[in-house]
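First, one chain by itself: the form predicted on its own, in structure tokens.
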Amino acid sequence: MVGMKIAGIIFSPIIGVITGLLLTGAARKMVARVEWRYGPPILQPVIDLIKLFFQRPPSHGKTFDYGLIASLAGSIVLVLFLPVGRLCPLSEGGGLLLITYLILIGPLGMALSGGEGANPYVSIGISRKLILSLGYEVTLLLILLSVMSEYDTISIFNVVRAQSENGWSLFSWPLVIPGLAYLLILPAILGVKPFDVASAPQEISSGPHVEYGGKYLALSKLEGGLSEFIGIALFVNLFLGGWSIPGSLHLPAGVLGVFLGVLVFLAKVAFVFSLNVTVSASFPRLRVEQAVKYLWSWPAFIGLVGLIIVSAL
């Protein structure tokens, strides 16, 4: 058990970072093919990251530096609470209740860092990001309450374990309704079209990232990749069974089982991400008020109905 925890602490953030970067490259490639372009290579985000770390950009102060570090650190800690396959070093921690707090550290750290740059585009982007977070946080809280009520636990590891024995939540009554609500807000959590209002390169020059260059831009890209991974990984663990395989198949015990569990988990993450890329390539960007109006209408209503049904049953 100690060896598994140490392996999880080491490998879970690494898997999250690498997966986030590769998914970003794959998304560019898929959107380019939809638009009849060839697109950059899938490894382009990794190449850009290596190049940026060797540059020496100017700093706007300590808050500019430490706010970005705090944002990335918050995302790394959050990954440790999420089962990546069977790797979950902090499975005995606060679980879903703590995740609701940790998920806010990323945007707040970016706000502190970007605000130090005193750029109007940064202020607009940060305000849009926080407003968008307020839009989907209500529905996300309703979804998490539904899952905790259904399985009578706050431990996300126990939720995944229960699905490995009783079937995936997304295809079981009554959690299919909260699962649908999560799918409706997932593009907003990832910040992709039609909810990329915080960056909006054509409008506000990438918003919170406009003052970043060199290693700062590299750290922000790492945090962005981790945030995408966290948003999808949370859905996979809550509604697609995490490492579990549908049917009567079971993974073997030991190191081989852990390795296969990670592969199964990442395959589900890639599938869900491809669905969101399809949505991103098909819809134009919404205005801020349109995005919030949407998030507080159907997704919130469906999430509330799901919570009521779970509580009643």
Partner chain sequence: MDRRQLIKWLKEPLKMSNKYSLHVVYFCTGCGIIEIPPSITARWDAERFGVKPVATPRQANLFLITGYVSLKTLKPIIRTYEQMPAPKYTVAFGSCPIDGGMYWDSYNTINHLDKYIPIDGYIAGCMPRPEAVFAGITHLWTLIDEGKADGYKKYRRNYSQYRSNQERLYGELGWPPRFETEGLENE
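Remember, it's a predicted structure, so these values are computed and weren't measured experimentally. Numbering follows the first chain given and starts at 1.
Although not depicted, the form predicted in complex with the partner chain is the subject of the following passage.
Contact between residue 166 and the partner chain in the predicted bound form is not found at the 4.5 Å heavy atom cutoff. Of the heavy atoms in residue 209, some are within 4.5 Å of the partner chain in the predicted bound form. Interface residue remark: residue 205 is counted as part of the site for the partner chain in the predicted bound form, having a heavy atom within 4.5 Å. In the predicted bound form, residue 217 approaches the partner chain with a heavy atom inside 4.5 Å.
If you take 37 to 68 and check each residue for a heavy atom within 4.5 Å of the partner chain in the predicted bound form, you get 37, 38, 39, 40, 41, 44, 47, 48, 50, 51, 54, 55, 56, 57, 58, 60, in sequence order.
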